[in-house]
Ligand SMILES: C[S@@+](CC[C@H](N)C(=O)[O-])C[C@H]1O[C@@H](n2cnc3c(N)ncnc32)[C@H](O)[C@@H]1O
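Read the single chain below, which is given as structure tokens and is the form predicted alone.
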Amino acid sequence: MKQYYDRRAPEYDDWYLGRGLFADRDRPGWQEELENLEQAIARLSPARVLDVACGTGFLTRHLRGEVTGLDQSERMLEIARERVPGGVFVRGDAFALPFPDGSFERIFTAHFYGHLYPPQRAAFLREARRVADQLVVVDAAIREDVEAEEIQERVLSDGSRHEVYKRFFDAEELAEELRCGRVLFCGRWFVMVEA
């Protein structure tokens, strides 16, 4: 998976921006909903926040407070450092966070939780709760044109092909899964839940 994200780093934002290999996708309301999601993230109270699997910092830049981003891909982090110059960015493992207990007030993660199989989800949640009291998860909403769980073949602009596990979420079900979570955003394309 690390190799996939290293190779995808230069074109990662194309998914959000609807360009490159995503230019021809029909995603009604995508841009408006993405803007609404970004506003919902910006409305989170300022905090000492760790963005786990921050990628290029596309959503990280909307977080307020003392922001630290963590990702396994150095190529992703290079882009994030340019995008969020006031943040601190660390290469590390989401399942063994390189921080002491209680280091942050909030863990934020976007489009990471939906790539985790059940044992990985449990491991991540243990780590998240170890280093912060609050967790905010952004991920893909379940829709009529996707299965709840899929193995997707992802093709990069260099022609390489990668299989990726992807899970889509009903916001209320995700809130229950995260134990007494609260839905902060629910749209056709994205969900955001706080626990």
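Model, not experiment: these values are computed from the prediction. Throughout, we count residues from 1 along the sequence that is shown.
One more form of this protein should be noted, the form predicted together with the named molecule, which is absent from this view; the next part is about it.
The named molecule is not drawn, but in the predicted complex it has no heavy atom within 4.5 Å of residue 79. Residue contact with the named molecule in the predicted complex: residue 128 places no heavy atom within 4.5 Å of it.
None of the heavy atoms of residue 185 is located within 4.5 Å of the named molecule in the predicted complex. Residue contact with the named molecule in the predicted complex: residue 121 places no heavy atom within 4.5 Å of it.
Listed stretches are 140-148, 53-61, 155-163, 22-30; the contact stretch with the named molecule in the predicted complex is 53-61, by a heavy atom cutoff of 4.5 Å. Between the options 136, 67, 132, 70, the residue in contact with the named molecule in the predicted complex by a heavy atom within 4.5 angstroms is 70. For the stretch 85-110, the set of residues having any non-hydrogen atom within 4.5 angstroms of the named molecule in the predicted complex comprises 92, 93, 94, 95, 110, in sequence order.
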